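Given next, in structure tokens, is a single chain: the form predicted alone.
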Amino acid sequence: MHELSLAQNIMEIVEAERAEHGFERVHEIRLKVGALSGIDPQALELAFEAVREDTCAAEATIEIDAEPRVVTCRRCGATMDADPGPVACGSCGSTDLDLQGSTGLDIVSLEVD
């Protein structure tokens, strides 16, 4: 489960920020998850609950904004929602489709005191 290592990395970043900026507690961590990251948001939330114990984020919530997956037709340029995923373009019928989205995970903000 790579979400556990991601949660550990998030906590390392949070602790580094705490050392640099001197805050005591984290109340909320807001993340942006790329559409093509392969991250399961629910698994990441559970992993975060496990790694936050005895840290400055022990009572913090984690908010995950998942970027939508988008499919673009290479023939006509039409874009469509990729969930669950079209097999052909709704505009021209082409099957030459391109799945687009980020593969990243970003910490967008920390609510601290």
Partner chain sequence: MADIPVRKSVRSRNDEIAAENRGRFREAGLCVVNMLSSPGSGKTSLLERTAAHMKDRLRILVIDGDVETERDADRLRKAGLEAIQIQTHGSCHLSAAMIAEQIATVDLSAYDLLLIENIGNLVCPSNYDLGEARRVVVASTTEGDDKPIKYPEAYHTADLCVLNKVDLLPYLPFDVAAFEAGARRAKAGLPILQTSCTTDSGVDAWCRWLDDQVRAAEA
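All values reported here derive from a predicted model rather than from experimental measurement. Positions refer to the first chain, counted from 1.
Beyond what is shown, the protein has a form predicted in complex with its partner chain; the following relates to that form.
Taking non-hydrogen atoms only, L99 approaches its partner chain to within 4.5 angstroms in the predicted bound form. Although the partner is absent here, P41 is not a contact residue: none of its heavy atoms lies within 4.5 angstroms of its partner chain in the predicted bound form. Among residues of the shown chain, R75 is not one whose heavy atoms approach its partner chain to within 4.5 Å in the predicted bound form.
When its partner chain is considered in the predicted bound form, S91 lies well away from it, no heavy atom lying within 4.5 Å. Interface residues of 5-30, taken as those with a heavy atom within 4.5 Å of its partner chain in the predicted bound form (partner not displayed): S5, L6, N9, I10, I13, E17, H21, F23, H27, R30, in sequence order.
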